[in-house]
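Single chain ahead, written as structure tokens, the form predicted alone.
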């Protein structure tokens, strides 16, 4: 069997971290089995769906690195799709739904009711052979007299989630539906509709919920970290987020936590999905993020560092590419999260460095300014403004003044960066360049 799985989000807001984990598990299963991963946008709720939310979903999926084999290539449903079972926006599939509604009516499984259409549900319990939680028998209702029939098309002509979900899975030949455990209550309805169409249902697997670590409730939109956008905005490494999400409901069975994605793909399988719900641990994700940054290749660090500065609205386009790359390179090994970079090294891209007035009064006394003037004049004489030459020059001036290097290092850093800590002084001075360094020192000396 060629495994075909899908992720079918509704564009009604942001991409929830639970939804991202569902997408990831489906993607992993497709890659593990050599199957097909489908992205389908369930946008039939026209009152709540927004174009911006569709874009957020596609951008979030790409940020995570979850490429889809079939699905939309543009956020507006107007561009070409990948795959033979499109369109992959439900809003574009109305004629197909009408055809399938009529089929159920013709077979006696659906009927008109007060302007709507209802599905005639079988009256006996339905067995759900769940590939994660095991066999589950679902009663249709707790009350004998209650009517289990349910609406599949509203009175306004709009088909409901349960119906279009089944029709699309049927038409797209989905073989496995891997989704959150909160959807288990819907599955009996879905299986009944597949049976009404005379088609074998896909294999269902319901994965554990992600819980709020504070009170053990399901993570809601109000909880910190519930949106994938939070991690994108806060400068987390995509690889670290993916690695962590893998561990929320799945285990490689050997207590490892940091694992390369290609190895996770090899090991991931449905039987290894855990039964118990997973508590979200932001501290562990922070640790994992720091580990990825610590071991990151220079090229990848530079790429994500540049993205972090752009996200913080620094005008990188105003600076030469070589300057930007060199500036980011000085931060390697210095930060544990890319969200720290703008505050840590924003001075590279801000010509008007801000220094706390209280620090100016404290650090730049008349004596300190005299020393800094002497260093500034020595820097001005350098023909090769390199880190080794800058270090030799500063130490030479310190020796002539009869002081250690520290009393020169600190005010020089403060004058050029506005902070008391940051990248290696001599390297940051080299990157800033002679003109900028002299200009920034002159500015402080003139205060």
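Residue numbers count along the first chain shown, from 1. In this text the structure is predicted, and so the values were computed from the model without any measurement.
Separately, the form predicted in complex with the RNA exists; it is not shown, and the next lines address it.
Student: Is the gap between residue 62 and the RNA in the predicted complex 4.5 Å or less for some heavy atom pair?
Tutor: Close contact is absent here: in the predicted complex, residue 62 is far from the RNA, nothing within 4.5 Å, heavy atoms only.
Student: Heavy atoms within 4.5 Å of the RNA in the predicted complex: does residue 380 have any?
Tutor: No.
Student: Looking in the predicted complex, any heavy atom of residue 151 within 4.5 Å of the RNA?
Tutor: Taking the distances in the predicted complex, the answer for residue 151 is yes, it comes within 4.5 Å of the RNA.
Student: Can you check whether residue 425 is within 4.5 Å of the RNA in the predicted complex, heavy atom basis?
Tutor: Residue 425: yes, in contact with the RNA in the predicted complex.
Student: Which residue among 138, 311, 371, 93 has a heavy atom within 4.5 angstroms of the RNA in the predicted complex?
Tutor: Checked against the cut-off, the match is 138.
Student: Just to confirm, with a 4.5 Å cut-off on non-hydrogen atoms, which of 355, 211, 101, 306 contacts the RNA in the predicted complex?
Tutor: Here the answer is residue option 211.
Student: With the partner left out here, if you bring back the RNA in the predicted complex, are 67, 239 and 316 all within 4.5 Å of it by some heavy atom?
Tutor: Not one of the three qualifies.
Student: From the candidate stretches 242-250, 298-306, 224-232, 321-329, select the single one in contact with the RNA in the predicted complex, where contact means a heavy atom within 4.5 Å.
Tutor: The contacting stretch here is 242-250.
Student: Scan 101-133 and note down the residues that get a heavy atom within 4.5 Å of the RNA in the predicted complex; none is a fine answer too.
Tutor: 113, 114, 116, 133 sit within 4.5 Å of the partner.
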